[in-house]
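Just the one chain here, the form predicted on its own, laid out as structure tokens.
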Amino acid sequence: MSSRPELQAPPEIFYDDVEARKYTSSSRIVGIQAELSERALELLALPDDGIPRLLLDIGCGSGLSGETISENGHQWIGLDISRSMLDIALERETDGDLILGDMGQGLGLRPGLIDGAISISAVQWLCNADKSCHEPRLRLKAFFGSLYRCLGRGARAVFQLYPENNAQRELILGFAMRAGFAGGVVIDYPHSSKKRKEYLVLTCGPPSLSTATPSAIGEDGNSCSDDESSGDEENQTVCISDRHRPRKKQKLTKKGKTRAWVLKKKEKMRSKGNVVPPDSKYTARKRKAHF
């Protein structure tokens, strides 16, 4: 059986009372959560003006990442699908407001309400069809669309995630771009198998100089640029600041295939030795619908 939790059971089932309490009581997990949350807030790049912001913690769990938000002087709203996790958050008397909900069904928050959003190890769960009614593409579309609406223009969202493969990474990033976000992926310690961490950094609104993807952290603890990270073919996605929108499929014209196209096609078939009717004035002429 895979060690990845999202491949074992749906989150509301996997994180039951026993697993939720074990998760929160582990000093190792608490330390990792604090470190990842601090890095997510750093990438969020909130103004250092002393004004507390209202942040959204998606997949907040028992409130471990929310504690980091509170320590940085901000207010927060936590969303999670596991009732057991939220019960422990209530027992721990976290400062944030808690919402029991499924992010794959949309967030349901007032437009422009949120000043920024973070998520630790949660977004990749949307790529799994845990129920017969679940379609990962529709769930990603609903999530990123509702997130874009509830964020203020220019606000950022930072998601720390563990994509299963490159296809899953591109799927998540693609639906974020379709929703209107600009940004890309930041990979800290790209050459380390243990310390490697991926962050999806998105900005609400069209790309500009202020929406450039932040630099990643290298092996020496310093930030690395695109040129430094592009030497390794495996880690060329360390900093992606382009907004890749899928090209629209070209629509066929009402006239359909032209006479020149048909003649060229027939000539090609003749060169292959196929039997092709001779050309005439009726070649490629469209018949009338009725006599």
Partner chain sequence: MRLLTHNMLSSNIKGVINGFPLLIEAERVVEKQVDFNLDFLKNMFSKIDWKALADASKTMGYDELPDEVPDPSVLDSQEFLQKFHHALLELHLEEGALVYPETGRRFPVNKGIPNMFLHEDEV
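Predicted model only: the values in this text are computed from it and were never measured. Residue numbers count along the first chain shown, from 1.
If you look for the form predicted together with its partner chain, you will not find it shown, but the lines that follow are about it.
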Thinking of Glu164, Ala179 and Ala182 as one candidate spot, does its partner chain come within 4.5 Å of a heavy atom in every one of them in the predicted bound form? no
TL;DR on 80 to 88, 197 to 205, 165 to 173, 120 to 128: the one with heavy atoms within 4.5 Å of its partner chain in the predicted bound form is 80 to 88
Query raised in the report: Is Gly145 a contact residue for its partner chain in the predicted bound form, using a 4.5 Å heavy atom cut-off?
Result: no
inquiry  = So, Asp95 and its partner chain: in the predicted bound form, are they within 4.5 Å at any heavy atom pair?
reply    = yes
Original post:
So, in the predicted bound form, is Gly154 in contact with its partner chain at a 4.5 angstroms heavy atom limit?
Top reply: no
Can Ser192 be called a contact residue for its partner chain in the predicted bound form at 4.5 Å between heavy atoms?
no
Answer key, its partner chain contact in the predicted bound form at 4.5 Å (heavy atoms) among Val30, Leu54, Val262, Ala45: the residue is Leu54
In sequence order, the residues of 87 to 107 that place a heavy atom within 4.5 Å of its partner chain in the predicted bound form are Asp87, Leu90, Asp95, Gly96, Asp97, Leu98, Ile99, Leu100, Gly101, Asp102, Gln105, Gly106, Leu107
